[in-house]
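Just one chain follows, in the form predicted on its own, and it is written as structure tokens.
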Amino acid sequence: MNSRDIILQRLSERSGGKLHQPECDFSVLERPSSSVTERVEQFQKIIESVHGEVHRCTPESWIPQLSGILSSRGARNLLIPAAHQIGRALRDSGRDDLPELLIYDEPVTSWQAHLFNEVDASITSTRGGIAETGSLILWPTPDEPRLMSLVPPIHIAVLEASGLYTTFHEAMRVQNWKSGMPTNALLISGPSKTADIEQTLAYGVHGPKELIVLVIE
């Protein structure tokens, strides 16, 4: 019998009787149902309150709007996924008003200096969003590794309005997170920010300086 079994045996033989797993009660996390429009409005209000930026788009307008956003920032290039539909749509758009499209398709060690010093912006998909906290859910993959949303100074995230949940608990329950978590899941609620002892807030010190969300309705 190993140490773990000894501990469990002692617990089961405790004088207070057999231990039982208590029933979970998540009712405190439940919220009244709301429409997609209401969730989008709540999400936009909260994420903009913490310096995030939201653009409401349609499946037809998101690329032209993205082009305008990048042009207004003077972005020289945009890091895109190789396989995801977002990357394919941008490559196939045929637009000449987009900046240079960089495909993330090689190990970071082979182009680390370029990634950290020369890439102006990146775009990623999202697994959904949380209206209550104004948060994005990112589930990094080899096609969209975490560095895409962490390193470039401008991170643009594409969020389907139908993928907005009222609460974090609802997102986990509906998407059945308990069936398999990735090694890394991200909840992003605004651009990277930090403050010194004098409470001077600075953006972009440890991550993107700007977070721009394209909500596809």
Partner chain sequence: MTQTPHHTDVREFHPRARAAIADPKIRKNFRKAMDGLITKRKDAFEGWDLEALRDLGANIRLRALANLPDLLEQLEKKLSENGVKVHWAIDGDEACRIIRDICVARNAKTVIKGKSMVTEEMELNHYLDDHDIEALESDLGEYIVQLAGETPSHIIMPAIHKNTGEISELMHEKTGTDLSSDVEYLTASARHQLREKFMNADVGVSGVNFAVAETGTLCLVENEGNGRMTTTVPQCHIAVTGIEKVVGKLEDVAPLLALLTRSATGQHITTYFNMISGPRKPEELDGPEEVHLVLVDNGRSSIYQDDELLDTLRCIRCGACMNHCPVYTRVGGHTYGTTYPGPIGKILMPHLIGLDEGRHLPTASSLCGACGEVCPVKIPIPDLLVRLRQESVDGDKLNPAKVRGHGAKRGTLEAMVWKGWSWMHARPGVYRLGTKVASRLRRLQPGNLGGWTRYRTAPKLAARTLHERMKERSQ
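These numbers were taken from a predicted model, which means no experiment stands behind them. Numbering follows the first chain given and starts at 1.
If you look for the form predicted in complex with its partner chain, you will not find it shown, but the lines that follow are about it.
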Using a 4.5 Å cut on heavy atoms, which of 63, 69, 172, 36 is close to its partner chain in the model of the complex? 172
Report yes if any heavy atom of residue 106 sits within 4.5 Å of a heavy atom of its partner chain in the model of the complex; otherwise report no. yes
Under a 4.5 Å heavy atom criterion, is residue 57 part of the interface with its partner chain in the model of the complex? no
Would you classify residue 112 as touching its partner chain in the model of the complex, given a 4.5 Å non-hydrogen atom cut-off? yes
Would residue 163 sit within 4.5 Å of its partner chain in the model of the complex, counting heavy atoms only? no
Within 12-28, the residues having any heavy atom within 4.5 Å of its partner chain in the model of the complex are 12, 13, 14, 15, 16, 19, 20, 21, 22, 23, 24, 25, 26, 28
